[in-house]
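Shown here is one chain on its own, the form predicted alone, set out as structure tokens.
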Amino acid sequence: MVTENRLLAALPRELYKKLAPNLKRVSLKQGTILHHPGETIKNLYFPIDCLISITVTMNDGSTAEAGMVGNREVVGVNAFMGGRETTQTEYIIQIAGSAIQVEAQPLLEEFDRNKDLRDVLLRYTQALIAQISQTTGCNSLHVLDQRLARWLLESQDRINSDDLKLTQEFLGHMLGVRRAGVTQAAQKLQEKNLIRYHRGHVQIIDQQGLESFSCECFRVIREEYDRLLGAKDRDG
């Protein structure tokens, strides 16, 4: 069971104690939008056992996922990038759970004067850029079956659970494809005994098999996160 956010856990103890009065644990429901495009980012969220998608929406209303954020990450780092402290993307809760919420302003003030905090958040930003870059390549070059396998593995890795509460419609939005395409891809994975899908639940029943079936992108992203932020305890 996940009990902490790994970025917060990576901070020096004295720095964490200094930030603690500004940290608030919150429960987040599936489908909640934390940030709309163009809004000023007022809060950052460090997920504990929830999953947050960073999505882009086109003029015709179609939506696709640009990145995902779980217990190794934080959503809202654009607040430190200057300018209007906003983004064209949307942050939406994909799997319900809890997170640590912190107002952007006190964290930004600490970011400006504390090298330890700055180092952790900049390394994380580099990892997030790697994730978004690899996902862009994956979406352009790999078939839907492999993309779905990669997506499920990335989600599992971020909430430490084999049971993912997701509808095919939601998966279609995240992968930028029609629901029928997700249905066919999920059936293929199910026929290979890699997953089990039933009424909004996807259960991964053969993780190693799913990794073998997936493209190389899950491995590449995981290795880059491990290099920049430290290896994750896969059994924890």
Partner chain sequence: MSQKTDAPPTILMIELDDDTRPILKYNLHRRGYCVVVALEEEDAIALARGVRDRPNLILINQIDLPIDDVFNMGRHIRQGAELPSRTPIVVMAERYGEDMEGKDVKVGESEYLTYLEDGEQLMNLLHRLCPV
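Please read all numbers here as calculations on a predicted model, not as lab measurements. Residue numbers count along the first chain shown, from 1.
This next part talks about the form predicted in complex with the partner chain, which is not shown.
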What is the one choice in 184, 207, 203, 32 with a heavy atom within 4.5 Å of the partner chain in the model of the complex? 184
Could you spot which one of 130, 108, 122, 144 gets a heavy atom to within 4.5 Å of the partner chain in the model of the complex? 144
Given that the partner is absent here, state which listed stretch (32-40, 185-193, 66-74, 49-57) has heavy atoms within 4.5 Å of the partner chain in the model of the complex. 185-193
For residue 44, is any heavy atom within 4.5 Å of the partner chain in the model of the complex, or not? no
Contact between residue 26 and the partner chain in the model of the complex at 4.5 Å, heavy atoms? no
Spell out, yes or no, whether the shortest heavy atom distance between residue 177 and the partner chain in the model of the complex is within 4.5 Å. yes
Along 15-34, which positions have a non-hydrogen atom within 4.5 Å of the partner chain in the model of the complex? none
